[in-house]
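One chain comes next, on its own, written as structure tokens: the form predicted on its own.
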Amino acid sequence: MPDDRRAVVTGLGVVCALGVTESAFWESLLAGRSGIGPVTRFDAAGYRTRVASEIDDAALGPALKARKIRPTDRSVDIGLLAAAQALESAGLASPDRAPEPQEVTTIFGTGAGPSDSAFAGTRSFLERGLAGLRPSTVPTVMINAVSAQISLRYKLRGPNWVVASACASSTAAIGQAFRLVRAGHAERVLAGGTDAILNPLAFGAWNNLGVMSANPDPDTACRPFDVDRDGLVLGEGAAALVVESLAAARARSAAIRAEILGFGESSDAEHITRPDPDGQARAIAAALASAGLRPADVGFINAHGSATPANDTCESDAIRRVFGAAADRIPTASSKSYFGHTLGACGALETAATLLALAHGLVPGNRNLHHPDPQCAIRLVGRAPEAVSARVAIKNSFGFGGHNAVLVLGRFED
């Protein structure tokens, strides 16, 4: 691979329950703070699960106002904010000046798209019939409104599209950005993900699926890899990365945050909701092959770690299949123990956490890991942050539908 086609990260934006800035996000991770609390966005009294990871409106409102983002749909709003942060940190935008047209490709992952708008439209139709459907309903609820609104607002004139691969969506979006840059089809890509489904309908569907934690204590509800885990905790969030060729970054003297070294994906082709370790292992192996690396080269793993009984044991099995004895030494942790499962956004948020861990040489701990499940036979980080000196990490994301996506990430070395 020519040196100038290396795919580097020059911008980063994060919005979730841990904070609406990169610094607040990282500080909360290191401090072991949880973003999970009681559901407040609607009355969840009749639900089996009554906890979620909600973004603090007191922080979100001023952040949106500062960038003149008028609230419309929650998923779109937080996606716009994360995109703005990433572009600003990459030196491609400023909150103090109007956007100028740029040849930037936009790829965002989402599981549900503008979920709140879809719920509002459905409720209005059921209450008022056709009169309840506004002419703006279609452009508001279409799933590609996420990438379209980002492209429109920031005048990003490259192609824009949405990746919808359930919980692997934003990891796949970043993976596509990596491939476009590597192949020379794009010099610069804004990639990430967003999801916000904390409305009675979407949350209720997940509630009735039976995969969410019934633990009423927000502080201990999300317990990846713990023997007492009883399901995932839903959250809302968004994250974005600016991925560009090394040549393009150097040409404008951009600060380089990290490098994307490889990407792999696969389909289980087995079951719509039950994960398969063979499919997951094939994606991990493909990612390492894409990067030209061996299992021994990996310094830590940011796991999908959803805290469901089936996923955590399956993922541990997949890691063991690929890494063999090395799985006994590679520190592995799940970021979801802090901000829950943000569905289509989780891969981007967890990629941000991984890049920050590489930069700082610290892996945030597995929050709530008090009794590691012996069936998860891998090297799990404890509850406290762990120092690492490794240059390379992998980020796993696995989703309903048998979607598997894995990134290989690294500290940039000239």
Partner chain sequence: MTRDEVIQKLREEMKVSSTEEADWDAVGAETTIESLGFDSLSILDLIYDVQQAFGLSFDAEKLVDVRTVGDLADFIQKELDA
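Every value quoted in this text rests on a predicted model; they were computed, and no experiment measured them. Residue numbers count along the first chain shown, from 1.
The following text describes the form predicted together with the partner chain, which does not appear among the structures shown.
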Heavy atom within 4.5 Å of the partner chain in the model of the complex - residue from 128, 97, 294, 329: 128
The partner chain in the model of the complex has a heavy atom of only one listed residue within 4.5 Å, and of 200, 139, 309, 91 that residue is 139
Using a 4.5 Å heavy atom cut-off, which of 347 to 355, 63 to 71, 23 to 31, 38 to 46 contacts the partner chain in the model of the complex? 63 to 71
Contact test in the model of the complex: residue 214 vs the partner chain, heavy atoms, 4.5 Å: no
Find out whether any non-hydrogen atom of residue 85 is located within 4.5 angstroms of the partner chain in the model of the complex, and reply yes or no. no
How about residue 210: is it within 4.5 Å of the partner chain in the model of the complex, going by heavy atoms? no
May I ask you to check whether residue 227 falls inside a 4.5 Å heavy atom distance of the partner chain in the model of the complex? no
Within 148 to 168, the residues having any heavy atom within 4.5 Å of the partner chain in the model of the complex are 149
